[in-house]
Each structure stands twice: as structure tokens, then as C-alpha cells.
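Listed next as C-alpha cells is one chain, alone, in the form predicted on its own.
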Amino acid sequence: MNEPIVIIGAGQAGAELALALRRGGCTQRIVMKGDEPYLPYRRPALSKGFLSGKVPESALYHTTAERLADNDIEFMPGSRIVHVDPARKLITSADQKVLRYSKLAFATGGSPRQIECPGADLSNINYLRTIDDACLLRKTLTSGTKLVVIGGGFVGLEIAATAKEQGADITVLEAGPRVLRRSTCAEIAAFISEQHLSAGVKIAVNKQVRAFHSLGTKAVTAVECADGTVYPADLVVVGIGLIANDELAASAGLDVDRGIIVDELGQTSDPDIVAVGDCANSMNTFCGYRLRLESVQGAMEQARVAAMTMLGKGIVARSIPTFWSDQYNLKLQMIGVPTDADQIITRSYPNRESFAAFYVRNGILKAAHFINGASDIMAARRLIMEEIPVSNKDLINPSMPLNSLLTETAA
């Protein structure tokens, strides 16, 4: 078979897929094509250490050019694919070059959801998804800058924390009644909000942006909300969600629904095509239903599973969703799916720097969110995976390590 395996997308998931193919014994030619001019890199640090300047660009990269070459992976940066023809197994790039494939992988990621209102095309209104985005934002973010962050999700709050440490004047505008409303419970959100408020960040909820103003220039100078409030701004960052890059797959006739639909093996509706990472709407065997995870850990596991699928060695992984976020001196770690629970048990710690929320259904832990609780995360994973019964009394007790619940069960 002379045609290569082609991977569209050269982010962390695409690179992991290529390397996993080689580890799995693939001897075919592997071609990885990416839109950006960079080696595959990790995105989480863009809103944190890289934005602050504490993390150098070199530390972002998931792999090196030498490692790709050593594994005979042909890396083609700056090569945007504009058409896929599954019937003839052809892909066409923006420069009209055509390549035939034997098997194909979509690792096309996602794009920031764009805000739509008058003035949204003004300069100094930024989104953060790429190294270039972060570099531009870092250049314009200086001490005293009036920064308005639109969106109180993880990206928005991470940017706010990083910018505050740089001396900026921060206002976060959240459309809903509280921050992190899609991600965590009200108690965890309140704990994190308090840290931002203590640092001097202003948070305004129930704020729908109506327009951006410029006072006759091309740069934004103020943000107007639907209730008439106006917030002065030298700089705006929008973080209102991620949209799966599934247009190319849809135009190729693959099944899509807010992402490329794949089964538990990463298989799309075409038997010779897989999809991984933020672009994939995947069947999660742990949850028993379809999820688009938008997490590094999930993308890495999807890549490894899909690689085995492409090699005809399909292995189903029972993947438990895992997420994390760093803000100030807080590390928020989340494991499991909180929407599967009907009860939330919170745990406060005497040091006031740690907090936990446990999501329980019928005496079984379904998810756990920890702030500065790294010592309990592995035990929580086992409690969730093994469906070990827990009591509210033990979960609420800060002197009860979760490891001891495993020991009691074993005994």
C-alpha cells in the first residue's frame, strides 16, 4: 500500500496520533498537515504561563522536529486543507496540491466562538487560541491597561488572573448569573470568584454585551451592555466558548453534530476516517453517552485509541473525563461528570486555601472538583471508576483522606 496515512491538524492530538501509530507498529508513510507554522504545541499555557512570559515558547511544544523525523512522520506546517473527497480518498490543500490517502484522521481542533454585535470588528478586541494570539495579547497587555474580559469561563478567568498579575485593571463580564456556570457548582465558583475579587478583579454578572465603542478611532474604547452600563476598555478579550472545526468533515459528507461524530473507537461514519480532540463528538464509554470533552487528557487518549483503530487493533478505553485550571495560587482539578449526580457535598479545609465539591448519586461518587487538593485526586478517581459507595459524613469531613475510604472498602 503506497498511499500514506494523513492527519489533518498538527496540534497536540494530531501529533500524539502520529506517534501512537508508530508505537503501534505502523510502517506506512505518515503525513501530518497543519494550518499553523509551528510544531505541535500545548495550548493550556497560552492563557497562563506563556501569556505572563514565565513560560518560554520552547516549553509549549509537545514534540520536536527531530522526534518527528526520527519516527518518519512527515510534518507539513502552514498547509491548510480545503477539500476532502472520501470516495476517491483525496485531500486538496489551499495551494491546490492533491494528495491521495489510505486512511485519514481529523485533528482539526476548535475555534473561539465569535461575539456578534456592533463594533465587534474593532481592533484591540482579541481571542486566545493560538501562539500568535497570545503573543499579540502579551504585547498589548501592560500595567494599568483597562482590560475587559467577556466570558467568565475557564479561559476568561485564567486570562484575568494572568493579566492582574501583570498589573492590568480587569473587569470580567459574564452573561449568566455566575462564573463557571457550565463547568462547576456554585460553591466552587464562589470560592474562585472570591480569589479574583481579593486580587482586585471586578466581576459583573448578568451582563449581555450590546456594542463596542471606539470614539471615532478603529480601536475599542468602551463596552456597552444591554442594561445600559458602559465599561471603559483599552483592550478586550472574548472567551465565550469553543466551536468544533467540523466544516471540512461536513463538506466531505461525514456525520457531524456540534463536532465530528465518532464512536468509542474514534471511528467516523467513514470506515477509513477517524477524528480526535476538540473537533470530535465522541462516545464516552465511561459516561455511556456522547461528549465533546475539550480537555488535553481526553484528546491524548482519543488519539491513542484512534491510532489502534487505524491499525486494525481497536481497543476501547473507559475514559473518565478530567480537566484542570490554574488561577493565581489555585489549582482546580476536576474528574468525572457532575451532571450525572443529584447531590453536591462540599468540603472546606482549615487552611482556607483548599476546597472540594463531591457530586454524588445514590451513594456513589460521580465527580469530584478539588481546589489545591492534589493529594485526593487519585483516590477520587478510584472511587468514581470502581463505583465504591461513599457516605456524606466522610466526604464532608476535611480530616478524612479519601485514601482511607479505599482502605475501609478493601477491609
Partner chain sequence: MKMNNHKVWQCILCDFLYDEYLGLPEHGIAPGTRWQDVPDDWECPDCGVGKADFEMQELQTAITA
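Bear in mind the structure is a predicted one, so any value in this text is a computation, not a measurement. Numbering follows the first chain given and starts at 1.
Note that the form predicted together with the partner chain isn't included here; everything after this is about it.
How about Ala65 - does it come within 4.5 Å of the partner chain in the predicted complex, if we only consider non-hydrogen atoms?
Close contact is absent here: in the predicted complex, Ala65 is far from the partner chain, nothing within 4.5 Å, heavy atoms only.
Close approach of Arg181 to the partner chain in the predicted complex, 4.5 Å, heavy atom
No, no contact at 4.5 Å.
So in the predicted complex, does Gln343 come within 4.5 Å of the partner chain, heavy atom to heavy atom?
Contact with the partner chain, no.
According to a 4.5 angstroms non-hydrogen atom cut-off, is Ser375 in contact with the partner chain in the predicted complex?
Yes - in the predicted complex, heavy atoms of Ser375 and the partner chain come within 4.5 Å of each other.
Quick check on this chain: which one of Tyr231, Tyr328, Tyr127, Phe323 has a heavy atom within 4.5 Å of the partner chain in the predicted complex?
None of the other options qualify; the answer is Phe323.
By the heavy atom within 4.5 Å rule, which residue out of Asn71, Ser111, Ser269, Thr221 makes contact with the partner chain in the predicted complex?
Comparing distances to the partner chain in the predicted complex, the residue within 4.5 Å is Asn71.
Heavy atoms, 4.5 Å, the partner chain in the predicted complex: which of 204-212, 292-300, 112-120, 143-151 makes the cut? Say which one.
It is the stretch 292-300.
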